[in-house]
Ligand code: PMP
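The chain below stands alone, shown as structure tokens; this is the form predicted on its own.
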């Protein structure tokens, strides 16, 4: 398709033709037999993609923030202590959501681009009787990736719930919910899941569901209350029509297609492909002299990259890069917003997409007057 710009932001992303065709299908009833089958399949496939065969999946119309809201309101009660492992903008947001439902939130922070160590987090866990720990797997504001396996181990050690914001990680970063013992993983459909925006996805462990069922106070959100949604999800999996709120029908059709494609690729191969695409793109940025927000490669996400602008270049280069064929995102974290930009490379991203994006960045930076060696180590 000539003159089309690659959408290489941290979400929404590029979608497969099959997903886009599903979006354009005639809309069926949310209780029609073919949709009931589609929704049932999507729930079953969600378990497989989250690698949580014993978990309870939820597929609900809403954004990633809605998924965060659903996680918080159903297991948190007023006065509960929750520890937030803070790596950026969306960690701040998670803390604010938890506080809205009455949690006493403590943040463990580190320098921009870094992640608090497990020792620092464990030291904080010893100080209070915590109910849960919340962490953003990949904070889209910093491109920092947290150690979910290690954090989940700490949560098991202290007998608390682990809540993972996987909006920019699920189906892109390695995340093995059941094997690692993570209680809640949430995401949104428009990132590595590969569907246009509009669906909140969440998988809860049996422990999380038990915690919900044993709560002493009513859930503070009507729309997000699992008491309303759990019977709906169970009915669809039993291939029975059910209603609480109208499903986003075309999005669910598209989701089912995308989940099928993800599983056909295989989760291990998909994780490896995202690592390969990320390594290649980051190597290209290093080759032209750009440093990144994460303090080292071990802290960097595979689903996006956050390079700093070089000296003498600022956000005015982004329109030049767009003119050369790739749409990128500016900075988000307030402290450094004007100093860096963000590039998403997740979902159906290919080597050709990476090469085209690198070429557009080189073209834009050259037009902005930045001097570098072209075509090295890409």
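Positions refer to the first chain, counted from 1. No experiment lies behind these values; they were computed from the predicted model shown.
Unshown form predicted together with this ligand; subsequent notes refer to it.
The shortest heavy atom separation between residue 247 and this ligand in the predicted bound form exceeds 4.5 Å. In the predicted bound form, this ligand lies farther than 4.5 Å from every heavy atom of residue 211. Heavy atoms of residue 167 reach within 4.5 Å of this ligand in the predicted bound form, making it an interface residue.
Interface membership of residue 344, defined by any non-hydrogen atom within 4.5 Å of this ligand in the predicted bound form, is ruled out. Listed stretches are 287 to 295, 116 to 124, 221 to 229, 85 to 93; the contact stretch with this ligand in the predicted bound form is 85 to 93, by a heavy atom cutoff of 4.5 Å. The partner is absent here, but in the predicted bound form a heavy atom of 65, alone among 27, 350, 65, 314, sits within 4.5 Å of this ligand. Contact annotation: of the candidates 140, 278, 177, 258, the single residue with a non-hydrogen atom within 4.5 angstroms of this ligand in the predicted bound form is 140. In sequence order, 188, 190, 191 are the residues of 181 to 196 having a heavy atom within 4.5 Å of this ligand in the predicted bound form; the partner itself is omitted from this view.
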